[in-house]
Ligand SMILES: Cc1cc2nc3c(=O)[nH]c(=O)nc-3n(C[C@H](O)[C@H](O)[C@H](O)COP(=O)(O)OP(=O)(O)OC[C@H]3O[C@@H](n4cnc5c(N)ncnc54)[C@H](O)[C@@H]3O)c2cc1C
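One chain comes next, on its own, written as structure tokens: the form predicted alone.
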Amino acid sequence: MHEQAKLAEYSTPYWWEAAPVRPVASQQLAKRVDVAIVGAGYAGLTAGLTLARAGRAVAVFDAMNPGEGASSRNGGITSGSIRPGPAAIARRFGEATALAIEAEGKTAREYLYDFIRTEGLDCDFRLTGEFKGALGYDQYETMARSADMLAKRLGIESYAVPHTEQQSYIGTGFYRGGTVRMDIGGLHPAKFHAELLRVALNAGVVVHAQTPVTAVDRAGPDFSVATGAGIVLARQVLVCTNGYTDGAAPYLQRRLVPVRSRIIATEVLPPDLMARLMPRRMMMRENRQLGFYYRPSPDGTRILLGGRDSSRVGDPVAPTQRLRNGLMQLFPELENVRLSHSWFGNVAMNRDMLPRIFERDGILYASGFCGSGVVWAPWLGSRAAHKLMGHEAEARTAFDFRPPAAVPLYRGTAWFMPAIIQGYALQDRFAMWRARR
């Protein structure tokens, strides 16, 4: 931590300055509930809210404070990105599934935006649009065709931005053009979670903070849920632990690999500099295996930039330095700018790289959001709730199919991730070499 302080003043999320994560008021553990939910992040709370408003007695358990994991640590970009492209998904799961997943992204984003609006959630949401940078002109041509296809197939405002027009979207010469899609925006993730928690509590959801679930076993027609506060019987169980899955859910743990994602925040920048670097205040990402995602802070005074972190323990300085180097590569004029924050959180990857709802031994799982949980976690949490209630039409989703395959030789320690990330880095260096020849 001493080394880390040399690069950034704080190692806690920037988002916690305006919306600190807090424990909830302690409540007595019920002897029996209709549904026990493991995980009080976006997915668990959205499911709990949906169930409670339908008259179900719901208890949500979290080993930490609600939202202390990825829900208050992420970049707040409503991308709903899926890493495998439509062609790759079609090869593995069929053309119908690929088309359904692509269409569902649009539906899930619309669900999120409508939820924020109708519930009156104060979370700094703005539908800014997203710019995606191309590394080279060949990549730009491919991306331009994809943007055109997206517009024609789904009616999304999506278009190419040639290199000659790039400066009106982002103040860097690093890319060779890019694409824009206007159905993506940004929000304050910790405020969003705090508001979601408020609404869920008001609806009657009982949330138990700092109460880990240690085991879930069958007890006749019910489930016996062992927690740090005692045992509760539940008719149904939903697990939404994602990147913080532990040995209490061993079947899920073998299928989800937690990967650190880190974000840095700059100090407050002059207004004219922000206007030049991010003239439209869009969300930003790039077409690399280990590409950066970045954005202006909701108040437009800072730049936040994130990417994968290959470390597994502690808080080493190297991952922050990598992100800082990336920021300088994009914006050389920020060379002497200080960082105010550098923090990390876990995202959950699986072998398919697709979010998932599935059932195993009567327990329902909604997890594996693969770094795009701002959109997919509330959406699949709501779908899971309807599935538990037997609402077939409302529960329908293209992500409800077989469980992800187990990761060979994996039992919760991702010893192989540094090597995988190094492999991606080599691919990116080769792609950059080809793009700039």
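A residue's number is simply how far along the shown sequence it sits, counting from 1. What you see is a predicted model, and the numbers here were worked out from it, not measured in a lab.
We do not show the form predicted together with this ligand, though everything after this point is about it.
- Contact annotation: this ligand lies within 4.5 Å of heavy atoms from the stretch 37-45 in the predicted bound form, the single such stretch among 24-32, 405-413, 389-397, 37-45.
- Not displayed here, this ligand is kept clear of Arg255 by more than 4.5 Å at the level of heavy atoms in the predicted bound form.
- The closest non-hydrogen atom of Val205 lies beyond 4.5 Å of this ligand in the predicted bound form.
- Contact annotation for Phe61: at least one heavy atom lies within 4.5 Å of this ligand in the predicted bound form.
- When contacts are judged by a 4.5 Å heavy atom cut-off, Tyr175 does not count as touching this ligand in the predicted bound form.
- Only one of Asn346, Gln166, Ser158, Ser310 lies close to this ligand in the predicted bound form, with a heavy atom inside 4.5 Å, and it is Asn346.
- Taking Gly75, Gly326, Gly136, Pro298 one by one, only a single residue has any non-hydrogen atom within 4.5 Å of this ligand in the predicted bound form, and it is Gly75.
- Looking at this ligand in the predicted bound form, residues Ser79, Asp246 and Ala377 each place a heavy atom within 4.5 Å of it.
- Along 252-277, residues Ser261, Arg262, Ile263 each place a heavy atom within 4.5 Å of this ligand in the predicted bound form.
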